[in-house]
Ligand code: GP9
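Have a look below at one chain only, the form predicted on its own, in structure tokens format.
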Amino acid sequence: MKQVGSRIQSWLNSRLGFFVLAIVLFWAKTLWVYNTRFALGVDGRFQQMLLVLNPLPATILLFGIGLYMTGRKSYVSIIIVDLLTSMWLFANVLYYREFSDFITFALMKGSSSVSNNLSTAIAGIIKPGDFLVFLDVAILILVLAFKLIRMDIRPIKKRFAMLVSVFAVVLFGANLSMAYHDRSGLLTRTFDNNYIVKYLGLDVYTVYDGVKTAQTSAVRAKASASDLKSVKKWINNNRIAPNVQYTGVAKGKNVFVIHLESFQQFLIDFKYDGKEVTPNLNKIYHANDTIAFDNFFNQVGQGKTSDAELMLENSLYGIDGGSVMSNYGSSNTFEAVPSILDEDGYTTAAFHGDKGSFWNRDNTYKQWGYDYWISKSYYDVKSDYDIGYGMKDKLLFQQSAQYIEQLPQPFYAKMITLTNHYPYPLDKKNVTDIPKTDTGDKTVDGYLQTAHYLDQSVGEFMAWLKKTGLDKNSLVMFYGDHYGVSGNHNKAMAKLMNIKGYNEYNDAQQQRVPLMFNMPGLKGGINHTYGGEIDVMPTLLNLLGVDSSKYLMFGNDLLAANRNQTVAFRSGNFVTPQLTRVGSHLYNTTTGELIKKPTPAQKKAEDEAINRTTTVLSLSDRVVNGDLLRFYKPKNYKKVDAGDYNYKLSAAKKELKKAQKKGTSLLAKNKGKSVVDQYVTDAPELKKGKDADDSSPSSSAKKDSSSSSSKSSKK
């Protein structure tokens, strides 16, 4: 036994021995991460074998760089490569935990537009065990530092180093061949990054994403008007006539778009500890003058909230990596709802309690034609007004009243809430009658409390609309932008919702988010059609009496008859009233039963849904990546010139003051008397005290703060 140990020690003291040790440690660590930190959907022994194999080719190739070095440089190079790849693995572990996806170059490119407030979120994501990702690096450094392994400075023949590199390439070829055997078109028809990592590994996925990003840039440079032909053909062939019964029922009305941050459909009518979590939204949902949808799904990708906004106001899908608003919002041509409503004399404004640059909104909104962009620096924000990602919702709504009353009517106003945002923190003074849940998962346990707070904020705002009479001349749309709890918290969700065997099917169904249209006199009811955020724009425009047939939209009116009800997810999965597809698994949507052997009819329906899903995602990507709308000119539509918009406070104040001469704003109709003092909120931050004079609703209206943006006079 001593002799065996001596031989092993002698072998480890060689350059090749250290090289193999480094590979084995990194390989073992990667498999641990794959199986405990990612949910790759490995199914069967063959896929498990590929998962075991796929870290090796890239690891051997990268670590093999050290074999080309001489002496001590060889050891240092291997450790540096190990450290860098471990840091990349660690970053993906953190990102994946909350977003169930991997980091892309496009996401990193746009990271500056979403970087603020991330420290709080990251602190909530990290688990102590995550640092085991660096264990192998520490081991290699320690064994060398304490001379448990001695450096071998004898030279290695370059021929041997090259053979190692060639072996790594051949091994990758074998891996790729087996992967394609199990999933044909892996690198050409995949919308889910989990597949790439599952079959080929994280490092190969990174290279794949880099190549794809470069190709996307080339597509934009080479794009021409002829690339629109297939897009227009598909849209024209799949366009459904809107529901004439609802055409123009809200024509000339103000529009409030209430963005319910991270708000899932299950919260509607949900009770905890015997109490309704969202009583105000429940009342609106069931009102006779509300059209509500109970099978409405979020369809976001990595762009999350920005993807939701893109779909709602442009009927374009987010791209498969990163955010359209972050990456293309400053340069692409759009035909967004604000610019379309401008043609009908609407004033358009967006309200948000965070920095104007978040998701690159300060540039994107110019391209979309927003007249006013009212963001954080234009509100009176005290030290306790912020939580999580920005201003608390009750304070946002209350302080926004001073700007809303100045907007010339009709107006289109989007209110973007923030408090119900991961990691769902809420200070004790704002916690009312909903206790934290007891699932043992921090993300899930705070979720109901922040959702309840958001609901209270909505209730206060709707009460103010009624007091001022704005409700009588307004259509209020509510929508949830994306899931609040990702699939990485399924155990806690199963406990919260009392669902046994909570699986990927349940997670797919939990992608439902609310969509409601509320207006006095509107013929309401709960609509059961299956649809998604891509369908909101044509639905809203039809309600407003706007002919949308001349615009290129991938969605259709949700109220239309005989509409295709395939809901395409950015991952390439889909949901229909009959079938739900998650990865390679097919489920019965009604029963949740796994369909192992589809009937001919089910197979046909599945193939049709797959074809539609891949087609719409590919065509939308073509429009976005190639900026194809620059070649499209709808009749009687004036293209947006971003230079017409000035997002400075001084310009906004000047423009709003001038706008009062039109006499159509709530303030002007009230003969200059403000109605802000009619806004009632129980926000504890505004309760009487030493700062009461500065923080009351009426006094904050007098602050020298106005909208963050305005449409300036033409140059």
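Bear in mind that the values here come from a model prediction, so they are computed numbers and not experimental data. Just count from 1 along the sequence shown to find any residue number.
The form predicted together with the named molecule is left out here; the points below concern that form.
- Residue in contact with the named molecule in the model of the complex (any heavy atom within 4.5 Å), chosen from 531, 201, 369, 303: 303.
- A heavy atom within 4.5 Å of the named molecule in the model of the complex is found for exactly one of 403, 464, 389, 256: 389.
- Using a 4.5 angstroms limit between non-hydrogen atoms, residue 296 is distant from the named molecule in the model of the complex.
- Remark: residue 352 counts among the residues lining the named molecule in the model of the complex, judged by a heavy atom distance of 4.5 Å or less.
- For the chain shown alone, residue 482 is a contact residue for the named molecule in the model of the complex, at least one non-hydrogen atom being within 4.5 angstroms.
- Proximity of residue 421 to the named molecule in the model of the complex falls within the 4.5 Å heavy atom cutoff.
- Only one listed stretch (574 to 582, 352 to 360, 499 to 507, 486 to 494) carries heavy atoms within 4.5 Å of the named molecule in the model of the complex, and that stretch is 352 to 360.
- Contacts of stretch 230 to 264 with the named molecule in the model of the complex, defined by any heavy atom lying within 4.5 Å, are made by 261 alone.
- By 3 Å or more, the C-alpha separation between residue 183 and residue 501 grows in the model of the complex relative to the form shown here.
- A decrease of at least 3 Å in the separation of the C-alpha atoms of residue 183 and residue 487 is found in the model of the complex, compared with the displayed form.
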